[in-house]
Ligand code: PGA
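Okay, here we've got a single chain as C-alpha cells, the form predicted on its own, with questions on binding and movement later.
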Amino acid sequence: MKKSVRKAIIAGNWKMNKTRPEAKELLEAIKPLVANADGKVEVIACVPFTNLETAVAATAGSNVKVGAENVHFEKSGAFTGEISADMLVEVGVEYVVIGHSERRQYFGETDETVNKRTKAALAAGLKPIVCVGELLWERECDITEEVIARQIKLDLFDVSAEDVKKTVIAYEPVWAIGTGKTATADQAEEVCAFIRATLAKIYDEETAQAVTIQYGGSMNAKNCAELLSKENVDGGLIGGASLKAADFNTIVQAAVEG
C-alpha cells in the first residue's frame, strides 16, 4: 500500500447474509474494534438492501461507512426488484459494489451493464467498487492480462479521469472467490500493478496512482498482512471474513499497520 498517495480501503461484502438484528449486532461489535483506523484506513460494510437503513443507523457517528451490493443504471422505471442510485443516496449509502463475479455469473451482468451502473453511481455521488477478475480457465490459458485489460477498458468506458479517482477497483480472481483458494501475494501484486499500468495508459500516471485497487479473492485473517504489504494492493474486498468481527478487525489492523 502507498497510503501517502491513495486511500487504503477495507470493505466487507456481506453477500446474502444477516437479518437486520444480526446486522446491527455485527456492526456494534465491529465499531469499537476498528475505531483506531479512522483517518488511516477507510472501513466499509457492504450489506444487503434490507439491512441498509439498519447499517446506516448503527454506524452513525463512527468511522464505518456503508455500501450497497448492487445498483441499477436507470433512475426509475419498470425494473421490478431493482434499486436506483438515488434511492441508495437517500438512505445514506456512500459506496456500492458493481460487477461482482457472482452478479456476472448468476445474474447476467456484462461489462456493458457494469459500465452503465458505474456511471449512474458516480452521477448520483456514490463511490463505485468495480470488480474485475479472470476465470481459472483464463488464467490457465495465460490470458489474465488480456481479460483484465478488456474489463477495465469496457467497465470504465467514457468515465472521466476525475470520476475514476473516485472509483475503487477490486481485483477478484474468480477462481479464488469462496473456494478457499487465494492468489499468492506476488500474483495479487502482479495483477494489481497491471491494472494500475492499464489505467495509466487510458488516463495518465497521476490518475493511475490515485486509484485505490483492492484484492478480493479470499483475503482472510491469516493471509492479509502479506497481501497488504504489496505496493499496489491498497486494501481488500472481504467476503466470509467480514461476517466475523474479530477476523474483519484483524484485516483492518493489518491495513492500519501496513
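From a predicted model like this one, the values you see are computed outputs, not experimental measurements. One-based numbering along the sequence shown.
What comes next is about the form predicted together with the named molecule, which is not displayed.
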Check your understanding: Since exactly one of V96, I177, I148, A183 fits, which has a heavy atom within 4.5 Å of the named molecule in the predicted bound form?
Key -> I177
Practice item. Determine whether any heavy atom of E172 comes within 4.5 Å of a heavy atom of the named molecule in the predicted bound form, and answer yes or no. Key: yes
Review point. Can you check whether E109 is within 4.5 Å of the named molecule in the predicted bound form, heavy atom basis?
Key: no
Check your understanding: Closest heavy atom of E102 to the named molecule in the predicted bound form, within 4.5 Å or not?
Key -> yes
Check your understanding: Is N13 one of the residues lying within 4.5 Å of the named molecule in the predicted bound form, judged by heavy atom distances?
Key -> yes
Exercise for review: Among 216 to 224, 190 to 198, 53 to 61, 40 to 48, mark the stretch whose residues have heavy atoms within 4.5 Å of the named molecule in the predicted bound form.
Suggested key: 216 to 224
Revision key, fill the gap. Within 222 to 258, the residues having any heavy atom within 4.5 Å of the named molecule in the predicted bound form are L237, I238, G239, G240
